[in-house]
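The form predicted on its own is given below as one chain in structure tokens.
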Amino acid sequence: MAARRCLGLWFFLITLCVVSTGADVLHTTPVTGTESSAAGTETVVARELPEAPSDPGEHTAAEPTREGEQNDRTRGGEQTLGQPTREEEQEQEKTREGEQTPAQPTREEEEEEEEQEQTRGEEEFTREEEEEELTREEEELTTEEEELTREEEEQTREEEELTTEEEELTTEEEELTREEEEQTREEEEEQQTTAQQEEQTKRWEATELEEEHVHDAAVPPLAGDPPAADPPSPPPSKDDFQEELVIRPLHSGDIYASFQFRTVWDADFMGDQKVSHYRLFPKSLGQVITKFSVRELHISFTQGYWRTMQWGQPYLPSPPGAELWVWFQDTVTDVDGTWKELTNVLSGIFCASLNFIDSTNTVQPSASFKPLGIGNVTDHSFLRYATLPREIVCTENLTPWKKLLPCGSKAGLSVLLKSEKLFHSTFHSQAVHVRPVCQDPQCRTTSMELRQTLNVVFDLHTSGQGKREWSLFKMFSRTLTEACPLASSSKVYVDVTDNPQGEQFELSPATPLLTQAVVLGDRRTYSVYDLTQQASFGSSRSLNMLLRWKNSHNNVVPPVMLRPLLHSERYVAGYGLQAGEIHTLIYNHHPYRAFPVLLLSAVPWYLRLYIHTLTVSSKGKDNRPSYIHYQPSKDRERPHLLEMLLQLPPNSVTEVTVEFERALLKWTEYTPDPNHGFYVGSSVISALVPSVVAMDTNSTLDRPLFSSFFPCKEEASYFMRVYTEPLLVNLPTPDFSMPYNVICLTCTVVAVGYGSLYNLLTRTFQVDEPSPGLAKRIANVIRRFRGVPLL
């Protein structure tokens, strides 16, 4: 290929040299005649056209024409001037050749092109090599990163194994410490039991010696008294039962009696370990708590309304009717389904109508009901609250409640729970509270506490002789003869705060034991009767406390009762059966302290609230709530839920008003007595009320039960819960006598019409012919003999 290109270049250069020499000859040689000119043209043509065809015919034919033309040009000067000369033609041919020659590439250009191609190929090759090297480096980096990640994973695995080993070691250490603590606790308990047995034997020996020296030795011993040689065995360490009764004379002349029964069991219901052995703790409640994973259970049954302005604050408040609120454990997945099953089970245990609790009267508060036991639970999705304001409390609710007590109603303070006396009272409330509590002050271990409370208010003016004197027998028709043998503490407290020197009334039998306790922000003084001491019963072996007023006319003016710092009222306003308003009044009687309260209102779905009409005012000014949680209702699915955090100014009345519209129910949704009205549950007000005296924040075992239910975390305030009155609202009610009349009329018409038609269709009719006369019968006889047809 290269040789061919070289030969071509050489041939092209030779032709250029020949052409250039021919042109020089033409310029130097003058034209003298026709021959010279013809010869010159022939040479030029031969040089210019070296590759012309060698056909002789063509060449011979062209020559005469050229000679003829030259002869013509030499002959006449006029003819040669009009045509181009031969020199001009040669110049034109040279210019044509010059135009054609640059189009052909030279060798240098071809070499340059080859070099460029080579450089391009080399560049592409180098580029490919660089790309390959980059890919190799990237692959190496990725492999190195993978190795690093593998090493890190191995390190993390080793660290996890180390952590697991450390956890196992810590668990083993904890188990060892627990075992040591249990051993020490058992040793302490054994020491305590031995000390208690020695004290019991000493006490029984002392009582025997005293009885021998008594003059009235003819009194026979009671059947329930234990023998002197056999002291009662103390309760085991796993269970503990306490009972107490608080009696407080009210300023209105009524008597307030509060029973407290507390059972503590060192069992972990919230763990995975199943509890199967029961002694003092009731098995029915223990199985319910374990099966439904209940953290806290609070249930109350109340008949009547607590009059705060006349009686003061109760130890444990409760709304009229039935109230139930439960905290479930975080292991429960279907809270609503578990709540429904739990209400049905509790309905059977307490013989109540708790099975009527469903989604239409159940709410999920967001801030009102905090856990009363240990543990800071913040997820309110495990909380459910419901009320039945129309629930009636009677003996069938009291009987299963008493069966939960270790001694039942056979011994101890429970012998005073006589149903015909308890329900013949102004106010009656019984409750059950189950919660986890700390077992020791350091709260290293937890226990499950069951607290049963019963509060009753007796109106002695209506039940007796119009006197303010009272006694245990007058209130309960029974007296106390012994403490519950299973109780570690059994005491009776009588409030004597208003009678410090015994000037107004006299309490008998007198007791030298006095104690003080801070209850509801006030320091109170109580006379204490310890039923575990035989000296409390005296020689008659029966305790019947009696209060006598020293004024013979019984018209002693009692001291002025301090107004409660917080109480509330609620009522329905409006006219007609279409619209109305709910007014809630909250009173703060503190002269100079303002404090916040949390208001919860659950309104049924058939009262459709207009939340845009909600107004809150204090002292004639708007009181803007700092927190509002509102959940609208759904017809026949869920009620309204309204929670507000309000700031109560000192010595003020805060009014909360909201408008509503009554809905028209289906005729199957009305109660059997629709004209009586529909009940709306009480509103709940929770607050930290300023205390008059410093509260005791240490939860010690020496405190009375009635003063240690709500946890106290501040010395300057105490927790209080207040319930308003339930509402009775009339709804648009159809005339249910009209359907009765229509049913009676329709049944009458159907009976008459259908009966007549049925008789006509099913009865057979027969025509009775009258009997023939005597002449006709004789004639027929004659015709029969003659063979003639009868008449």
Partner chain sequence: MAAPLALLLIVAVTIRAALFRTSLANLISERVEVVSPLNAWKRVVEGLALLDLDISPYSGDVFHETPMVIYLFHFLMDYAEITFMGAGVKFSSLHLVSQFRKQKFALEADRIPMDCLELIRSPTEMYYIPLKVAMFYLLNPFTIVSCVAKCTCGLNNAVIALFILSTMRGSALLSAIFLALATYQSIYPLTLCVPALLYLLQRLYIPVNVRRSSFWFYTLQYLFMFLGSLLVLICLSFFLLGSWDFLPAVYGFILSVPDLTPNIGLFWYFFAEMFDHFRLFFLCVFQINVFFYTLPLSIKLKEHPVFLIFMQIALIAIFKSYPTVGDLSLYMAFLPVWNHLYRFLRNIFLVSCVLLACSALFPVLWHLWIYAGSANSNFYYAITLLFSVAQILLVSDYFYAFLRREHHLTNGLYLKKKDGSEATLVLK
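Small disclaimer: the values here were computed from a predicted structure and weren't measured. Here, rigid core means the biggest group of C-alpha atoms that superpose within 1.5 Å across both forms. Positions refer to the first chain, counted from 1.
In what follows, reference is made to the form predicted in complex with the partner chain, a form of this protein that is not presented.
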**Item:** Candidate stretches 243-251, 437-445, 293-301, 570-578, one within 4.5 Å of the partner chain in the model of the complex by heavy atom
**Value:** 570-578
**Asked** Going by a heavy atom distance of 4.5 Å, is residue 473 a contact of the partner chain in the model of the complex?
**Response** no
**Message:** How about residue 664 - does it come within 4.5 Å of the partner chain in the model of the complex, if we only consider non-hydrogen atoms?
**Reply:** yes
**Message:** At 4.5 Å between heavy atoms, is residue 396 in contact with the partner chain in the model of the complex?
**Reply:** no
**Asked** Looking at the partner-bound form in the model of the complex, is residue 668 within 4.5 Å of the partner chain by any heavy atom?
**Response** yes
**711, 337, 502, 632 - the one with a heavy atom within 4.5 Å of the partner chain in the model of the complex** = 632
**Item:** Core-superposed comparison between the shown form and the other one, residue 753 Cα displacement 2 Å or beyond
**Value:** yes
**Request:** For residue 732, decide whether the Cα shift between the shown form and the other one is 2 Å or greater, given a superposition on the rigid core.
**Result:** no
